[in-house]
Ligand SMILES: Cc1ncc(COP(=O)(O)O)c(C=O)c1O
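Before any questions on binding or motion, here is one chain by itself as structure tokens, the form predicted on its own.
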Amino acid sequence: MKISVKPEFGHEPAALAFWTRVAGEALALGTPTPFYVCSALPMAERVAELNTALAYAGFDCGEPRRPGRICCRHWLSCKTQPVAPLLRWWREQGRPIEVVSEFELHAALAEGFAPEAILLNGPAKHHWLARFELRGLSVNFDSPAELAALLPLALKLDWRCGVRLNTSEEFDPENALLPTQFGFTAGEAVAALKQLAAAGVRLETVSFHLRSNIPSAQVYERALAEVAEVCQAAAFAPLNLDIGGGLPARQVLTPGGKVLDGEFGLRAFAEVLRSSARQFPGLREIWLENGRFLSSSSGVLVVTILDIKERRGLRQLICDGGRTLNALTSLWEQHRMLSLPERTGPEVPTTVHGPTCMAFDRLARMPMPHSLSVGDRLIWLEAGAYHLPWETRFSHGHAAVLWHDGGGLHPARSRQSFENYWGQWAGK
């Protein structure tokens, strides 16, 4: 089955052919649209690509570790793509997981992660983490109140402790003049590190997370310099430097058409880490929690065209899935779309809408072939990050999810039934 390629998106033809084939196989199984298909194969490629850059800069990225080398450890960002088969695959690779909520911690434990392979981040953990009597967790404290409440438990359960900083490079994405709500200020962090050291806990980690889609490696460089100053002021030599995530997604455009990773180089990023690591004597590991960069390309959304309208020079495709239900990130990202069957010929201004009664429900707006017809399927690429977590049930149920394990397709989640949709209410 042929596919159309828009070269400005930079997709490898092999990747396009893979998703076209897999989506076709899912349809042949009778899977009702809309549905997601997820696969670990693209994610494995991203991990390998990042490890190649890190190894080039002199880091160890696996076992066995060489004496004197700093190791880079990848933690799975559970919140980015909480799909059970993905968690199982990641665990089978021998890699650890990062969670930020009570539900995510339950999920990690349910999928077989040992406490020693679980990292706790996120705010206000002191309101729920005490309910888990788990020894050996890695926990990055987020506030003075959280630290005060959880410190006795950290001592009792031998947690590997860390402190998250709020650097000046971390700001509200909607207002760059304002900080986010996460982590300690520099002064608070110095006091916290001294308090933890005096208490005798396993104080090992300093942490920060900037935001999504960092535009250049120099942003990390400036943040790392701030973190080093805090560590020096606290007389703290961390064993682990947790730099969070934030590497920009591949093959994705801004609403204005700019490539998100157009100015970001993995080699430059790895060199920044190498040079910045000199500011942390005794450093053993750099922890990375990249979600979007690793998993964005590991999923697609497949929808069916239900109706077509033409008005004011615009062609409107009404589909059974869209932004409101399945793809909130389409509000600030442009993703490539394929069609099944392939449609060619003259392109016209086109908007792809979902089925809900909201003008907000717009999956894409781009030139598309006028030959697209009712019943055709559209494949929305790069749907492997923050789509399932932000999925809604706005007058519809949740979509089906299929998992591709390299050998074939398997149902991972059934389409939500009305009984499940409505049966949640008390008295049913």
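Throughout, we count residues from 1 along the sequence that is shown. This structure is a prediction, so every number in the text was calculated from the model and none was measured.
The same protein also has a form predicted together with the named molecule, omitted here; what follows describes it.
Out of the listed residues R323, R292, R336, K125, R292 is the one that sits within 4.5 Å of the named molecule in the model of the complex by at least one heavy atom. Interface residue among G183, G246, P238, G354, judged by heavy atoms within 4.5 Å of the named molecule in the model of the complex: G246. Here the chain stands alone, but in the model of the complex its contact with the named molecule, taken as any heavy atom within 4.5 Å, falls in 75-83 among 195-203, 75-83, 306-314, 260-268.
Within 4.5 Å of the named molecule in the model of the complex, a heavy atom is found for not a single one of R69, E221 and W287. By the criterion of a heavy atom within 4.5 Å, W403 is excluded from the residues contacting the named molecule in the model of the complex. Taking the partner from the other structure, the named molecule in the model of the complex has no heavy atom within 4.5 Å of any heavy atom of E146.
The closest non-hydrogen atom of W380 lies beyond 4.5 Å of the named molecule in the model of the complex. Within 4.5 Å of some heavy atom of the named molecule in the model of the complex lies at least one heavy atom of N121. Residue Y386 is the only member of 375-401 with a non-hydrogen atom no more than 4.5 angstroms from the named molecule in the model of the complex.
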